[in-house]
Structures are given as structure tokens and as C-alpha cells.
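Consider the single chain below, provided in C-alpha cells and representing the form predicted on its own.
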């Protein structure tokens, strides 16, 4: 494969890409689309049985990352944001730089390939001082030595997709690990030196009942993990699980039971010393820090182990992205790379930017996204953050929406900002649609 330097990639991509990497963007998402097997509920951009493409994919990925080091020219309208006040400075000051390897299953990559990816990312965002996360499947984490070496590459946060501690449920989901393997992988990660570990779980699963979910919650709180992400099952039409449920072959809990599971998670994790700082995320509350200035809107503090990469999303910050199907956001544009692994590799090999789509965002889009993302946080959206990020007054842009949702008991408003009530969290989608 012929060498392609940064300037060549820039020249080839200018006409198509139209995306810049302006100074001050401190967040990078990297998509690793490989999986041993697609889970029955998954509609992410992932591919099984394509391990033979890993080396070529990483080569293309490193080239795309290198191209982002020399920004393409932007159209004139992209040079001025609605809010060039203090928002960017506040976000830079309060959020750590972040690099996030998601998937797919990044832990499927051999360590030398992960090392290459991190070296390419380091040229954009220094690993030193950054929150560097790798998603891992317990079925692909090959013992303590692998994890120790991964930690030695500069990865300081591990996000493990456990999903369930019930083996029959794991089989229905198509997971490749058992509950015992999940427990062992977590223990190995702790012994390998990972202090910041997130564990993903899903509730509302096929055949799951409230007692089973409570047993899972009671067990995992004894693990003393730094962070938990707990998600309600979403049945996506393109997945095998959706077909099984619609066809009556498996059943899932109804909305009332799923809501009760969510309330039990709030109760039991809170009693165990965890702070819920976002609709689906909890972190240990033994150390708290003030919320980012850009997000101040309540008297709550953020756990030290809150995920700074996801906080960047929830604060509607700009972020870069690379890899097949990866999505980036540099206002006023959002962009997505091509989905297919072979298409992605071919485009980069041909000296083309692997961009499939660029969406131009309006000021109204910026207003809506700032609300949709920010209201997921317990601290909500402050008037100051909305003003700085959007260049407008929240109380004026959404006056009728705020009045209506407050009257319905779904929003709390005070002199600092707005946030979801407990009832609003259970009915979040009904709240969010009012800002679109």
C-alpha cells in the first residue's frame, strides 16, 4: 500500500470532507467495528468474522487520524459559531481531554494494533492527562497480563459490557461470555491496575423479573466498581431479538415492570454509595467535585469517576471521530464515516476522506441538541450554559415549553437553570420531544 502523508490526505479530502479539527477540540471517538458475534439486540455498526481485516483497518484508521491533524478548509459559514463567548473556554477548563475506543469490541484487537491506534490518537490529543477509555467484552479480555499491558499503553479507563449475570439470559442475548467469566474479568482488571472501570448492564431483558434484577444490583454493588451504566432494553427493528419478541418466541417485561426496575436501581445504588449523575449513569460518591462551570445549574456535584467523554456529549461539546460508521460533531456540521469495513479501507487507500454524510446544523438544531443532551444530566441545563453555547436565552427560546413541562411536574426550574424531576426521568422521551 503506498504511503500517504497528512498533506496528501488533506488535499484529497478538502472537496468532500469540509470538516476541520480546530484548536481546542479535546475529544475523540474511535470506532472499532469488529465482534466475535453480533448480539441479538445490537444494531450498532459491528461485523463478525472479519478478523482478517484488522491490520488493514488499523492502517486506514491511523491514516484518517493523521489527516485530521491538518484541517481542511471550511466553508465561510462554518467559521463563526453562534456562541463564541465563554462556553468553549469553560468546557476546555473543566473537562479532561478524552479518547474513547468504542465498538464493536475494541478488546478484540491485538495489543500491537491498539498501540498503533493510540499512537495516532496521541498526535491529535495527548494521552498524557487524558481520560483514555477502551470498551471490552469479558469474553475477549484474555487475562490479567493482557489487561496489565493494555494499562501500560496509556489506557486508564475500561468499560466492560457485562449486560447480565444470568447465564440463560446471556445466551438469549447472544453474548459470548458467562456470568462467571464476567466476574473473573472484572477481578483481573482490578488486579491489573485499572481503578476506573465502568460496567454496562441492561434491564427489561427477556424473561427478566424484578427479583432477578434486584439480585444483580445487590451483587454488583459489592464489587465496588467505580462506575455503572444501566440501560433499559431497546428493541431495534433490525435485530434478531426484535423478530423473536414480535413473533412471540420470547417475552420482555412490560413498561411498568421496566420502570420499577429503574426505580430499584436508583434506590439500591444510592444506598450503596453511588451518585446518579445522568439518566443511565452512576459513579461512586466517595469523592465529589463541583460540576463543570459550563453545566452549573443545580447544587449537585459530580462524582470524580464520572465519564468525561460522555460529559462532553451531554454538554454538546465539539468532538472528532474516526473509523467506519463513526460520527463527529464540529458545529455547525455533524459528519459520519462510511459504514462498511471494506468501503472504509478502500476509500482511505484511494486517498479519499471516508466521509459518507455531512449534516449542516442550524441554530435551532444547536438549541435542541443542547437541551436534549443536557437534560440527561442531573445538574440539568443552566441558563448560563445555554447562553454561552447557543448565543441565546433559554427562557426566551423555550418559554412555552418550560412553562408547560413545569406545570406537568416534569421539569424543575429555578434561578440557575432547568432539570428533569424524578417523574421527568421516567418520562424523559416525552420531555425531549418538546424541544425538537
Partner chain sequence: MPDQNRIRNFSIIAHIDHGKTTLSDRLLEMTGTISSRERRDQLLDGMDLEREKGITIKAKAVRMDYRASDGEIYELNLIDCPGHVDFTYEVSRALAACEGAILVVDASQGIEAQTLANVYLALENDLTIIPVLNKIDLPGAEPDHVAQEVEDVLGLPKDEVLMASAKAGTGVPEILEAIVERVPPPVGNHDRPLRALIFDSHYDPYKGVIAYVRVVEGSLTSGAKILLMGTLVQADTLELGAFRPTMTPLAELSTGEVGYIATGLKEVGDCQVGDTVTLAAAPAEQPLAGYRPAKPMVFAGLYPVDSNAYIDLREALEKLKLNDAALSFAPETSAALGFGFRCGFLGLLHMEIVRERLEREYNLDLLITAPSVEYQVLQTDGEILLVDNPSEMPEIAKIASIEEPVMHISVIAPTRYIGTIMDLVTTKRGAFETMEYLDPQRVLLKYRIPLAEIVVDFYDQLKSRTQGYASLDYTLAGYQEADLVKLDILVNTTAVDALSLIVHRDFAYANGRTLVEKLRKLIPRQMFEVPIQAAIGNKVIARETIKAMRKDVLSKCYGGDITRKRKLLEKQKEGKRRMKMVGNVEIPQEAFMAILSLNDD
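Quick caveat: nothing in here was measured; it's all calculated off a predicted structure. Residue numbers count along the first chain shown, from 1.
The form predicted in complex with the partner chain is left out here; the points below concern that form.
At the 4.5 Å threshold, heavy atoms of residue 313 reach the partner chain in the predicted bound form. Contact between residue 319 and the partner chain in the predicted bound form is found at the 4.5 Å heavy atom cutoff. In the predicted bound form, none of the heavy atoms of residue 125 sits within 4.5 Å of a heavy atom of the partner chain. Contact between residue 408 and the partner chain in the predicted bound form is found at the 4.5 Å heavy atom cutoff. Shown without its partner, this chain lists 365, 149, 167, 214 as candidates; in the predicted bound form, only 365 has a non-hydrogen atom within 4.5 angstroms of the partner chain. None of 392, 372, 402, 66 but one reaches within 4.5 angstroms of the partner chain in the predicted bound form through a heavy atom, and that residue is 372.
By the 4.5 Å heavy atom rule, the three marked residues 224, 246 and 284 all fail to count as contacting the partner chain in the predicted bound form. Residues placing heavy atoms within 4.5 Å of the partner chain in the predicted bound form fall in a single listed stretch, namely 251-259, out of 169-177, 184-192, 267-275, 251-259. Shown here without the partner chain, the chain has 43, 44 in 25-52 lying with a heavy atom within 4.5 Å of that partner in the predicted bound form.
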